[in-house]
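The chain below stands alone and is given in structure tokens; this is the form predicted on its own.
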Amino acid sequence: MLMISPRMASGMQEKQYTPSLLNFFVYNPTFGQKEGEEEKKILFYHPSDVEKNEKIRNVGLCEAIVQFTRTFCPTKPAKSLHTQKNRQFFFEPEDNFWIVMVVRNPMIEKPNKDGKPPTVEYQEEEIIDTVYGAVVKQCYSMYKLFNGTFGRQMEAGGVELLIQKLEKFFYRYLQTLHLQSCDLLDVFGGISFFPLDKMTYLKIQSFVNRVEESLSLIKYTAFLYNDQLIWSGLEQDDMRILYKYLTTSLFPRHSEPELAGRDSPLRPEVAGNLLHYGRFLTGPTNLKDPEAKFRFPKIFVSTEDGYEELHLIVYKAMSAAACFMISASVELTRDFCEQLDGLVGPQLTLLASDICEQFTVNRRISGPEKEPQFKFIYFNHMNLAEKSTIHMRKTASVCLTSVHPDLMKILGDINCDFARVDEDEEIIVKAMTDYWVVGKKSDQRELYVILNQKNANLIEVNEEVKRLCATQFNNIFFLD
């Protein structure tokens, strides 16, 4: 997708183009090694209408770059290639399977006088390697969540099955990539946790235990409120990618019709039953429909000796959502879904009401929110906890930020500096726009703060960040 924003300069209009996806392909260099069979290396190529020889040429170039860089460091092949017009990202998720993403650099088109063609300036340094490298890894993780590994498909049905699965998944998934809004949060891939008091948390734990005991088919459960995680029985890495799917794809897809008044959980046909606003977000849309289909999406999660395939049931009541995972070897019937609906619906509705009430009380105690003079991003590498006051609500199409892209670029650069060293450190930057940007790395935790205090000096900025740590993170130890 192209976003064009006009600028005025010298009385003439400039056009600014954001980063966009040029190519995305998956290949295996061990296939098609005979002359004339090079096309067999290509397992997936986007866009599909590219001429065959160009596909072979592009894949061959990437193969050559990877092989060439191996001579310098056999254990760490190339991760990216910078050119004037685009940036290429390489990722080897499994032995000999390579994913390559080619992103066109942002550019400014400047009109010329006398009817000459416009001058194009490519902004080569605007793209941050770590951000888009993380996007490529996310693509693979999301594929693996719903299909398992490339190796699994090869075992199950050979190259033909793998090509079929890649086509089916990436054809849809690549349409959801919004490269112009990728930033530091894509590098972290964290989870936003919902803050709760002990009593409400124990109620949720009790609810999960009761449901798992009553419906013994359930292997794992996750509980979310307002798109934030409260409880999960999955491994961290599996929950991380499932959380991304839920919050950026499934929930926004269902909440937007709700906001528009369609498909609302408060629909008239259940208005008589005030204690049950539950519904399935995956599987049957209406249990009363005799033609209802009881098919649920399947996901793959890691186990000690490999992975297991599970049905994913996502059930929602008001702002609370429960994810139930059941072994894919079990066939899910109408009776089971009706039993789950009858058991979970009323309890989840009541819990959602309790959480909402507690959240409202807490906000009333903390007083009215004033516009703070700072915005921050916090990430904890140990539990993947993430908190941002820079990012506004995600939608299915885009993730909005409340600060200028130049400041987001500075945050990405600071993160790159942190990644180069293992020691704890702090970086303070004065931006051209008079904003102060502060990055702190301490004991597996990272904090990034943007301060709108143009007349402040270095000492005052440091004191302000200390005050922020004391008020927002009073139970977290940051080294001074």
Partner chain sequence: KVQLRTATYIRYKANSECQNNVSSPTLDKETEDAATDNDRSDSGEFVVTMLAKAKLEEQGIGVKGRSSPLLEVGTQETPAFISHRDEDVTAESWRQHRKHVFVLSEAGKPIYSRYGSEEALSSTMGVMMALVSFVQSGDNIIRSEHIVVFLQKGPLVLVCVSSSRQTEQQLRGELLYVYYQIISMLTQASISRIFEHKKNYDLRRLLAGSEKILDGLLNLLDSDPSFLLAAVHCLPLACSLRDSLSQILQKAITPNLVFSILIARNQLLTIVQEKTVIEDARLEPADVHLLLNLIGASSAFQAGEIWTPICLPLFNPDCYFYAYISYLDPPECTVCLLLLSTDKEAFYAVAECKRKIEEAMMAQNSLSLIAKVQSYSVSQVGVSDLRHFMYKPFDVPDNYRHEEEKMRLLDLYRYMHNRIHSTSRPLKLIYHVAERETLLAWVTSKFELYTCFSPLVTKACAITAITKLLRWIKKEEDRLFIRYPPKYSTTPNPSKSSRGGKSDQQDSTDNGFLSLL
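The model shown is predicted, which means the values in this text are computed figures rather than measured ones. Residue numbers count along the first chain shown, from 1.
Just so it is clear, the following notes concern the form predicted in complex with its partner chain, a form of the same protein that is not shown.
- Scanning K79, K219, R152, K144 against its partner chain in the predicted bound form with a 4.5 Å heavy atom cut-off leaves one residue, K79.
- The stretch from 431 to 439, 445 to 453, 25 to 33, 44 to 52 that comes within 4.5 Å of its partner chain in the predicted bound form, counting heavy atoms only, is 431 to 439.
- Annotation: in the predicted bound form, residues T83, R420 and E425 each come within 4.5 Å of its partner chain through at least one heavy atom.
- When contacts are judged by a 4.5 Å heavy atom cut-off, K409 counts as touching its partner chain in the predicted bound form.
- Put simply, D413 is close to its partner chain in the predicted bound form: some heavy atom of it is within 4.5 Å.
- Mapping the unseen interface onto this chain, Q472 falls outside it, with no heavy atom inside 4.5 Å of its partner chain in the predicted bound form.
- In the predicted bound form, at least one heavy atom of D129 sits within 4.5 Å of a heavy atom of its partner chain.
- Along 319 to 341, a non-hydrogen atom within 4.5 Å of its partner chain in the predicted bound form is carried by no residue at all.
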